[in-house]
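The data below hold one chain only, encoded as structure tokens and taken in the form predicted on its own.
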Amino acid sequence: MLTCDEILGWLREDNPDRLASLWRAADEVRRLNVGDEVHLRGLLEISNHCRRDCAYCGIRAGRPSLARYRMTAEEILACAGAAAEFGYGTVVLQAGEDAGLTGSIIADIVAEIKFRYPLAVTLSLGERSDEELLAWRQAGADRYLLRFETSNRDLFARIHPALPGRSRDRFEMLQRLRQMGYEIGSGVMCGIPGQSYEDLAEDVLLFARLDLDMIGIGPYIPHEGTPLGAGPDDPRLPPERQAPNTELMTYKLVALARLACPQANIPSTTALATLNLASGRELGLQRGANILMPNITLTQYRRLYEIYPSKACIMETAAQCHSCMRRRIQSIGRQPGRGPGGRRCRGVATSTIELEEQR
């Protein structure tokens, strides 16, 4: 297991030859532990309503100018059917923290998806009550994704204010989700204003302590419609301490996450593609990732799920996205996976490549 100092050394590394050894090690650990298949998980953004006012997010409650939508059960089921036809093993239902998506509504949708289609169901619906989470698990949901965004609790509180009179600890919630029988996923943004290199190193160590089944990592992309993205009160640290929100830093974190959590499923994210449409996804897959998440949301809704601006591929149809993803996977000599692609086991296979000692 990498130490905090070793992780910090890699986060600050800029020598291409040394970084190449990190990419090779992460890719070998990926191959040994999760194989060469790239599993496709259909991403369905079912609502952009949100009761939270997160300082970085483009669908925050405090954006009255944003047109809101909430997909119907029939629309969701039709999109899930398309995912099954494409051969995906999983559908991911993602939304803002939408009070209109009640516990019973989601439970009914999950149960119907499981009845109709051979799909695993991942939910990413924010901080919800234990009663709702348990009901969704009993309805058949397999996984829950709840990103903690940063392990720095003070920074998290600044960018993600709690609802009045209500506060939930996301780390405790992840543990309860596991006790309920979910595979648990979390993740972070890198380069949040006010986030240090030390914060990112602690994020990687926390991935391992939580023994995450899924890890999502993306760069912070400023949105001018948010307090954090509008400036000029950007709470950025001095340059020598402020973690950058770059494509390179994202790859470093993907690789280090793979070394810290060899068995985890790690996507090469849409945010990476937004920074590098030509090859961001492919480079992520070659530096530790093993998942792609083609968007199966109906085209008329995609542009409204604007967590950050200029998101890649928002005008593609689900079929176009599917074809593109398969071509990208095959272009790097790998093949789309079959089945739900859950975590294989809790064992760890280590890399035969030794990382050079940090000095």
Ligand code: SAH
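All residue numbers are counted from 1 along the displayed sequence. Everything numeric here is computed off the predicted structure, so don't read it as measured data.
Just so it is clear, the following notes concern the form predicted in complex with this ligand, a form of the same protein that is not shown.
| message | Each of 56, 146 and 221 having a non-hydrogen atom within 4.5 Å of this ligand in the model of the complex: is that the case here? | response | Per the other structure, all of 56, 146 and 221 touch this ligand.
| task | Scan 329, 34, 307, 318 and let me know which has any heavy atom within 4.5 Å of this ligand in the model of the complex. | result | Selected residue: 307.
| task | With this ligand left out of view, choose which of 95, 261, 201, 109 has a non-hydrogen atom within 4.5 angstroms of it in the model of the complex. | result | The residue in contact is 95.
| query | Looking in the model of the complex, any heavy atom of residue 170 within 4.5 Å of this ligand? | reply | Contact with this ligand, yes.
| query | Just to confirm, residue 279 within 4.5 Å of this ligand in the model of the complex by heavy atoms? | reply | Outside the cut-off, so no.
| Does at least one non-hydrogen atom of residue 189 fall within 4.5 angstroms of this ligand in the model of the complex? | Flag for residue 189 set to yes.
| request: Considering only heavy atoms, tell me if residue 242 and this ligand come within 4.5 Å of each other in the model of the complex. | output: Flag for residue 242 set to no.
| query | Of these, 122-130, 79-87, 202-210, 252-260, which stretch puts a heavy atom within 4.5 angstroms of this ligand in the model of the complex? | reply | In the other structure, the partner sits against 122-130.
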